[in-house]
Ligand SMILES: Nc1ncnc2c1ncn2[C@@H]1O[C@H](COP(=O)(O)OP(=O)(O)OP(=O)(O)O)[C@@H](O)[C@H]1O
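In the block that follows, a single chain appears as structure tokens, in the form predicted on its own.
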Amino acid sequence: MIEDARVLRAEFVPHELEHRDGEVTHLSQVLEPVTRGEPAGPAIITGPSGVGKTCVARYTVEQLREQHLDVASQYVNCWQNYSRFRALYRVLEGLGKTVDIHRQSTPHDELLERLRRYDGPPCVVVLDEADQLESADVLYDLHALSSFSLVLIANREADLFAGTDDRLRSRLQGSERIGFDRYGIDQLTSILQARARWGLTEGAVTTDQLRDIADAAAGDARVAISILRSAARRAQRTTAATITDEIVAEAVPAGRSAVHRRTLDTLTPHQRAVYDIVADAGRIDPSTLYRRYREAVDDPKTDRTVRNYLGKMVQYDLLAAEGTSRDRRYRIVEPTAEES
């Protein structure tokens, strides 16, 4: 039944994007100066999780590179590469400039000096989950280099600028904004139809079943694709010729759980410590949480940083916030539960 498993992964970038023509066109226009050998102004892409932000950015940059040979690019996932060193290292790594760099002993200044000496074609750097960077200095570092053009991806612009100084905020104030909304059921169904067409045998799943999956995903393409993948794998294990309604029903909680596990796996050690404290407590207020967090880890982050962690985990449905700002409590979100 599964003919191409790659397309059933949320991170797969298709040759054709569904329902994001306007966003692709907008980003292409922002990056157009790069095709003339000139730096492009920064672009800030925002929107909830699972709406195609990363896919659009990677697709647009790849199209740019296919059409213009003298363009370089590098994608950095700042959730995994959250320190200043890691982020700069990943940019250099994409340019093939890290052969003699030692992760433990090379200072930041050496990384920056190598970036300053870069004399290749203009490079577009996509910083995904840019609000996860421990230090906004990375944005200042790259923005100051004329060979590099920035595409910054975050759920909310407020999170991206939280903790930045006026110097950086003023530099990025003129960035081009590209906002993404949740997919509708019809749009998600269309996306799933394309994935099924590319990845499954013909007739393996019906349009009505794909619509049910889209409805269950509540506008999140990551969840929708994960449910379809779970359904296809279940059907294949039972050697069924098609995906049945029963299999779809079973795949919904399984698909949600898979996304939940993958998101948990991406948490930094400090974020995971915060999550585990909430899980152990059941429900906990921010002040008590921060006190327990400081007792649990070495070199704890600031209270403001931990509150940013909490906000990020709420956005990714790992945690739920209850109550007003005065009596707020956090609890974990069970991956199979229907959240209102």
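Keep in mind that what you see is a predicted model, and the values were worked out from it rather than measured. A residue's number is simply how far along the shown sequence it sits, counting from 1.
The protein also exists as the form predicted together with the ligand; that form is not presented, and the subsequent description refers to it.
Chemist: Is it the case in the predicted complex that H26, R36 and L64 each bring at least one heavy atom within 4.5 Å of the ligand?
Modeler: Answer is no for this spot.
Chemist: Test of understanding: in the predicted complex, would L319 fall inside 4.5 Å of the ligand by heavy atoms?
Modeler: Judged by the heavy-atom cut-off of 4.5 Å, L319 is well away from the ligand in the predicted complex.
Chemist: Is I332 a contact residue for the ligand in the predicted complex, using a 4.5 Å heavy atom cut-off?
Modeler: Heavy-atom contact with the ligand at 4.5 Å: absent for I332.
Chemist: Would G22 count as touching the ligand in the predicted complex under a 4.5 Å heavy atom rule?
Modeler: No, no contact at 4.5 Å.
Chemist: Any chance R195 has a heavy atom within 4.5 Å of the ligand in the predicted complex?
Modeler: Yes.
Chemist: Among 42 to 50, 27 to 35, 272 to 280, 285 to 293, mark the stretch whose residues have heavy atoms within 4.5 Å of the ligand in the predicted complex.
Modeler: Correct option: 42 to 50.
Chemist: Let me know the one among A251, V125, I225, L133 whose heavy atoms come within 4.5 Å of the ligand in the predicted complex, would you?
Modeler: Checking each option against the ligand in the predicted complex, the one that comes within 4.5 Å is I225.
Chemist: In the predicted complex, which of the listed residues (A204, I191, L160, A214) lies with a heavy atom within 4.5 Å of the ligand?
Modeler: Answer to the contact question: I191.
Chemist: Of 118 to 133, which residues get within 4.5 Å of the ligand in the predicted complex if you count heavy atoms?
Modeler: Only E129 sits within 4.5 Å of the partner.
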